[in-house]
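Heads up, the chain shows up twice below as structure tokens, two forms, tagged structure 1 and structure 2.
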Structure 1
């Protein structure tokens, strides 16, 4: 079950989000997302180095451009902290979520989050709803089930349904040798999305996917992997670090913009059913 905004007063949320990082640091809050310089970008959301990162609390709003959509708000806001190494930028996203939703299945939905940055820095950013035609946005997308896969959950049906009993898969029967090319070829016949190279298919090496979009419904795989990440459970919810290549043109003297989205699996959120932010100014803090 998610935490309704009505259940939490703003100070309480700030307090809880402050605790989320578990670093016991002073909570520097900024009105924009500011990435502080760091010699090392910690992938682990619980790394003490995050104590040096300034934080920004961004209110989330309903995605209201595309149906089907949520009609009732879920995740009220998100705490974003950021660090930069000069060549990469790291975001630490944390939000309250009582339930872990990391098991895919019919009628099951997953906890997810995303960071969106315009490909080009312009005077007016493209539409925050996933960009515009000819004005793409780069999206780094994290999913809880991919994290579980990276963390060691097996890629089989019993990992999802522990009591499942499977009589027989035709591609695991003789005379096909386990692991042989013939065996893999036959298994692929029954996995159409794998056959066409859809990245939904596990097992996964990373919980983060790089995507491009030029407006709603145009999301497509990015040609190159520029992001990596890691998500962990905290007492209050999720903390996810996404590290990606520094956006083109972003310098301490030139801002860009960044937007965020969160999906609560317990609220059956996926795709267009999400909570999102508008564009938030993204700044780099010069090294001292």
Structure 2
């Protein structure tokens, strides 16, 4: 699918929310995602430096192509702003969401978002549905529960299930010295997911993970971490910054493409059940 910026006009009707105007933000709007040059890339979504970033409002569409499909619209639009340092690129995504969904567990659904970029810049981008065989895409994925963990929420029953009652844990028995090898071994025994290396549960150092895909159903962990991020609640919903290395070959004279996805936990969205965009042209603004 060849990308033409004329196919990606800014929606005529914008959300009547503060996230599309910001607090004292410049009103510059673009019909593609344009990364402005910056001396530093702010990780905090509320950093004043984001006032220098042009904004692109992208209308999201239903994921109605593969199971589990999403047939009811939830998040109508997303505001995307971008900055670049020359070696990295930072995206700030903001969207409306009335409820906070950041507790993991059976029967619970999480607020999440993702940025997707083709691994290689080509005249014809791969399918926006997570790439194609032999034409991979790189995905930076953020989750609200990971953010809560990074922000300091404890990874224990009391924090995740406030109404649970606990008598004791064997690894907290007095004969075991806190921090001893025996105590750590016993604690691991009662944390089986961590014991087998499940990196999607437990305490987190970052709320973002890097993934690769070559089409629906092929999602896998990336061999190395290239992204970092931070999400915060706003009056209207979420604002999330994702910083990753600059895509190879992306220059002020050579465009790439980018796509976005949003999951609202309150709408029971998970996995393929999400709101998404098609490819949006991604450009770098030459430094002045």
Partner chain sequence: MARVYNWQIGREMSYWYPGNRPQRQFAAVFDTNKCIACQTCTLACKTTWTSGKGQEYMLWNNVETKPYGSYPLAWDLNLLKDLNGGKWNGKTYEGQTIFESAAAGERVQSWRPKTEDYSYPNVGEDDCAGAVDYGMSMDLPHMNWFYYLARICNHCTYPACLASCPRGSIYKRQEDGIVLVDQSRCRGYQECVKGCPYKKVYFNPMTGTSEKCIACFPKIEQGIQPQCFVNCIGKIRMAGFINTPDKAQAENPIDYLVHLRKIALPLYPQFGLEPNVYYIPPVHVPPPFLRQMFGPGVDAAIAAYRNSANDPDLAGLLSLFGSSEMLMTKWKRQGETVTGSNDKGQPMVSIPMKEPVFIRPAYDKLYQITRTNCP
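Positions refer to the first chain, counted from 1. Keep in mind that what you see is a predicted model, and the values were worked out from it rather than measured. Basically, rigid core = biggest C-alpha set you can superpose within 1.5 Å across the two forms.
S.K.: Quick check on the two chains I just loaded: which one is the form predicted alone, 1 or 2?
M.R.: Answer to the question: structure 2 is the form predicted alone, whereas structure 1 comes from elsewhere.
S.K.: With each C-alpha assigned to whichever superposition fits it better, do residue 53 and residue 160 land in the same rigid part between structure 1 and structure 2?
M.R.: Residue 53 shares its rigid part with residue 160.
S.K.: Roughly speaking in whole degrees, what is the angle the smaller rigid part turns by between structure 1 and structure 2?
M.R.: So the smaller rigid part is rotated by 10 degrees.
S.K.: Residue 169: how far does its C-alpha move between structure 1 and structure 2, core aligned, in angstrom?
M.R.: After core superposition, the C-alpha of residue 169 moves 4.6 Å between structure 1 and structure 2.
S.K.: In Å, how large is the C-alpha displacement of residue 194 between structure 1 and structure 2 after the rigid core is aligned?
M.R.: Comparing between structure 1 and structure 2 after core fitting, residue 194 shifts 3.3 Å at its C-alpha.
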